[in-house]
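In what follows, one protein chain appears twice in different forms, each by itself as structure tokens: structure 1 and structure 2.
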Structure 1
């Protein structure tokens, strides 16, 4: 019950201080950090210690390599954050049912918002993705990349950063597990193409209701494919590392 006197290590200090400076806006986004030697001196630690702190910040996405040299203050890249979360989610033992349940709730919601708010460029992006998919339908890995990209584009079109953060990890994890699906149930890819096509059209027409319906159908269909393929829906899903595109 006591406030447990936890020792704060140097590298932890470094990370916290720098994080505070960034969040408080004293270190502005895009700004270049001082050299490691200078920073270390300013913070009263040595370079190895400083670097441990920097590595921590880099993982949480608050700093990024600019070019290849200097480090740059940055806002966390949603995709990178999503990837980290997806992996974390995989390690908690989440299974298909868990993920599908969330998908079924969030994706129709997202596409409804997207239908209201999508900009011209964003709907165009959806059409582009669909067209691209039509061309690479036989490449399983490409289909999955497209699937992730399409749902990601919808989330972004919904113009809500919190929604992106909530949906992206689930989608990445779920879709990454479907490589075997398309091998086992080849027909699934055509149903996917049609669904995406209809969804894109509905979003462009600002028809939220139709978009939601197609999305629901799409996600139910996804589950059916998983059933047909005979996969175990209670088995933990693990994130498969993307073939870096």
Structure 2
């Protein structure tokens, strides 16, 4: 049975109560919520108050429309979560150095796990991304998108969902920090391609040590490119959205 919402700021209480039920697993992913009438009665709120609370949960991605009227419990879209957290990072004034320090710790760790745990499909995905990258080296935005996709694939292959959530926002913000890099330092794109090839090969060979060494080299190379370009590594990074079209 759902607890009653307090009358003051009831819509916020509605969102908190239902979020708690979802997080605790009492409301299951994919489960349809009761009708608005039943939910409002269970929570002890009016239907307008209930709708405000439900709207907040829709925005957060915890529920979605399953039909014309019914709402369904859902998991937030990973890209939406990454963008939200990247915005939060940007608002803290995070700069290149802050993100690079995180990358130097998390990325070698992630690729070491990937070398142990990657499935055949996940390994093939890495090779597919390398092939795509080789065909788009003249397109700076595409190079950056492929770089983010490659590192995302590594995180997923590590079979640790917490790692995916930790690394994705950094990748989103680094996209903004890297938009002008390859135009300024053209050789950087070729070094990136070589690193991705070596990393994919090491993961496929289950060679965690070589994978980690190449990833460390890759991340250090990234910093060198930033230095050669003359960019300010202490300046806050302004979040800019990726364009996929």
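Superpose the two forms; the largest set of C-alphas matching within 1.5 Å is the rigid core. Positions refer to the first chain, counted from 1. On a predicted model such as this, the values are computed, not experimentally measured, just so you know.
| said: Of these two forms of the chain, identify the one that is the form predicted alone. | reply: Structure 2, not 1.
| Comparing between structures 1 and 2 on the rigid core: C-alpha of residue 21 shifted by 2 Å or more? | Moves: yes, 2 Å or greater.
| query | Relative to the superposed rigid core, does the CA atom of residue 36 travel 2 Å or more between structures 1 and 2? | reply | Yes: residue 36 shifts by at least 2 Å between structures 1 and 2.
| query | Once the rigid core is matched, what's the CA displacement of residue 55 between structures 1 and 2 in angstrom? | reply | Once the two forms are fitted on their core, the shift reads 3.0 Å.
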